[in-house]
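Okay, so here's just one chain, in structure tokens, the form predicted alone.
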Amino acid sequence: MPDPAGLSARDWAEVSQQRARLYDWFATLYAAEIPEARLPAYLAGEASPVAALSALGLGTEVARLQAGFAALRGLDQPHLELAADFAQMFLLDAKAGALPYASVHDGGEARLYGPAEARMQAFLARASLAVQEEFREPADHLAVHLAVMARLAQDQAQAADIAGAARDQLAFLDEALLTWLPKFHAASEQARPRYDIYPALAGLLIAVVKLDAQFIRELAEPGVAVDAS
């Protein structure tokens, strides 16, 4: 991440595009299984945008995810193995996996379609957004949260008021995602899929989100100088 002090409008636009792509990538991995035709690129280390994250101090998390994919190499049907892990982690039993819904990890009422889902529906309505019809999941699905962050970063890449844009994005992270993402991460670590890809992915995700929140929090603070050039 660039230094928030004296960040230029050009820097903000560039880093916003990078952040949008990263959040969108995470969203696709939680929305559905990696397509069979796409998986060989992951196994060859060619489809992931995370290599650059090592330079941001996330080398351990990146290496763990890469090792998870490496464990699938040489298998006759790696896509079936990964599909089985996806189902165990995200589609079946909360005790055996880590269901990717804010409501499940809500401290008040841990159940599907709980208050967290209603809050996300309200947020989407205020932002004139909606869950795509083909994505037949509750609005508080993790993929929806990540897609919203990607959309915010993309839409506000050219914002004249960078501090204001940072406050908007920070509010979403703090109020809608970081309220339950640590619990989802803990559940992912406790799950025991056959391969480590999805627990490793959760570890990388929470590290990225915390790092991103720190970056935009510094931009959102009063007194941070922003170069308009």
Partner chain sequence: MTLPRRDFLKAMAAVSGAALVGGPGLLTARSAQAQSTSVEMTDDITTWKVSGSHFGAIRAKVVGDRVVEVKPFEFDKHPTEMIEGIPGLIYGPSRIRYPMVRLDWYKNRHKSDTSQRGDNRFVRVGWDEAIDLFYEELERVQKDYGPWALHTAGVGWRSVGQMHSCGNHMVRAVGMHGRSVGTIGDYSTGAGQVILPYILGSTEVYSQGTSWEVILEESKLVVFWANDPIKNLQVGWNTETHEAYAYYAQLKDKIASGEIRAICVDPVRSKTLNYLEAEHQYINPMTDVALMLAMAHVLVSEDLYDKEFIETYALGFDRFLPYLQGETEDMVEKTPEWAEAICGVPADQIRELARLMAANRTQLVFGWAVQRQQHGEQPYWMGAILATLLGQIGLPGGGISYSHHYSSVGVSSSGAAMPGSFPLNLDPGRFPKHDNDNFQGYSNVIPISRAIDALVEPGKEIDFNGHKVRLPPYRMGIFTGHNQWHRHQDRNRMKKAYRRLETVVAIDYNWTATCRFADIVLPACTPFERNDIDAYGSYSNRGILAMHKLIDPMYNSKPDFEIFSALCRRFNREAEYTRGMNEMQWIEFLYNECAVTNVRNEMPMPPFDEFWQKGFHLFPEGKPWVRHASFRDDPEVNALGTPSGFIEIFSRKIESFGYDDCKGHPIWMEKAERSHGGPGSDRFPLWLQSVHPNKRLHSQLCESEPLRATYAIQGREPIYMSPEDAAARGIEHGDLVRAFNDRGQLIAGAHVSDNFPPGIVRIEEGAWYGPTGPEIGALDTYGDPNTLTLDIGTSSLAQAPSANTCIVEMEKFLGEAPPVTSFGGPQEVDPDGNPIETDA
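Residue numbers count along the first chain shown, from 1. Here the structure is a predicted model, which is why all the values come from computation and not from measurement.
The form predicted in complex with its partner chain exists for this protein as well; it is not shown, and the discussion that follows is about that form.
- Look at 62-70, 197-205, 163-171, 39-47: in the model of the complex, residues with non-hydrogen atoms within 4.5 angstroms of its partner chain sit in 39-47.
- Using a 4.5 angstroms threshold between heavy atoms, Ala9 stays clear of its partner chain in the model of the complex.
- Heavy atoms of Ala102 never reach within 4.5 Å of its partner chain in the model of the complex, leaving it off the interface.
- Residue contact check for Asp106: none of its heavy atoms lie within 4.5 Å of its partner chain in the model of the complex.
- Among residues of the shown chain, Val144 is one whose heavy atoms approach its partner chain to within 4.5 Å in the model of the complex.
- Annotation for 66-82: interface residues with its partner chain in the model of the complex are Asp76, Gln77, Leu80, Glu81 [heavy atom within 4.5 Å].
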